[in-house]
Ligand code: NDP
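A single chain comes next, written as structure tokens; it is the form predicted alone.
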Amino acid sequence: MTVRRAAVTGGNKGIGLAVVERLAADGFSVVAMGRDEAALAKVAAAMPDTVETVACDVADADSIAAAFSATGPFDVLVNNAGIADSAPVRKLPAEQWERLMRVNALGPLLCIQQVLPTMMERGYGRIVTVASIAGHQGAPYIAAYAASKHAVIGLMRSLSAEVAGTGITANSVCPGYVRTEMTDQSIRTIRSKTGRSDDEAMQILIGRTRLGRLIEPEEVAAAVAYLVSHGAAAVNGQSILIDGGDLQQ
């Protein structure tokens, strides 16, 4: 059986690293992409037989083109790289809005454009974007983040309509609060605004969930692994919530 090749952006930590590890364990040849070259070196050292690494900044079109040109073609693309920030709408800097849109929405588009032509030629491909429950529901102070995640879910839904019936699928996974550095940032924000301790801030976050705990990166990776499998050939244009039931569609 031909080994399938997968590209994972933001593959050096958090959800991205969990996806890299899961796909490598499932027999994929994986290229982990990210900005932190030291962290990428650790990933490569830990999985030298199944994982390659390449520096890539998804906010930079030239960096994306160079990374995919050097390592492609790919059967699977997992758009995971993303950033978060917060501000009330009345004080939201235009620069923050533009930065989150560039990384969280434009970056996935540019990566898709790198892999899609070859997938179309082959008649096979799996494209998954790690979005967020914020792509389905807004919340105070995250207007730029929520808008960027709404945008990328819309991108994936439109892409799914374009590739329907070609052997390519396009889907999103939308986790709630995951045990990652991004959630650590949310905890720091709560602490700075409320004067609570880290543990108290964590309990505030957990108290917002039905699950009563944070989502583990490996749980998100499991959903990605299903969507890129041969068994998910009929799953297209979906936005899968991984939130313990907080949002119901």
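What you see is a predicted model, and the numbers here were worked out from it, not measured in a lab. In this text, residue numbers run from 1 along the sequence as written.
The same protein has a further form, the form predicted in complex with the ligand, not shown here; the description that follows concerns it.
**Q** Taking a heavy atom within 4.5 Å as contact, would all three of Pro73, Gly125 and Thr169 count as contacting the ligand in the model of the complex?
**A** Result no, not one residue of the spot touches the ligand.
**Q** Sort through Asp57, Asp26, Glu52, Glu219 and report the residue having a heavy atom within 4.5 Å of the ligand in the model of the complex.
**A** Answer to the contact question: Asp57.
**Q** So in the model of the complex, does Asp36 come within 4.5 Å of the ligand, heavy atom to heavy atom?
**A** Yes, Asp36 sits close enough to the ligand in the model of the complex that at least one of its heavy atoms falls within 4.5 Å.
**Q** Are any of the heavy atoms in Lys13 no more than 4.5 Å from a heavy atom of the ligand in the model of the complex?
**A** Residue-level check for Lys13: yes, a contact with the ligand.
**Q** Would you check, heavy atoms only and a 4.5 Å threshold, whether Ile83 touches the ligand in the model of the complex?
**A** Yes, contact at 4.5 Å.
**Q** Is there a non-hydrogen atom of Glu181 within 4.5 angstroms of a non-hydrogen atom of the ligand in the model of the complex?
**A** Taking the distances in the model of the complex, the answer for Glu181 is yes, it comes within 4.5 Å of the ligand.
**Q** Which of 113-121, 127-135, 89-97, 153-161 has heavy atoms within 4.5 Å of the ligand in the model of the complex?
**A** Partner-contacting stretch among the options: 127-135.
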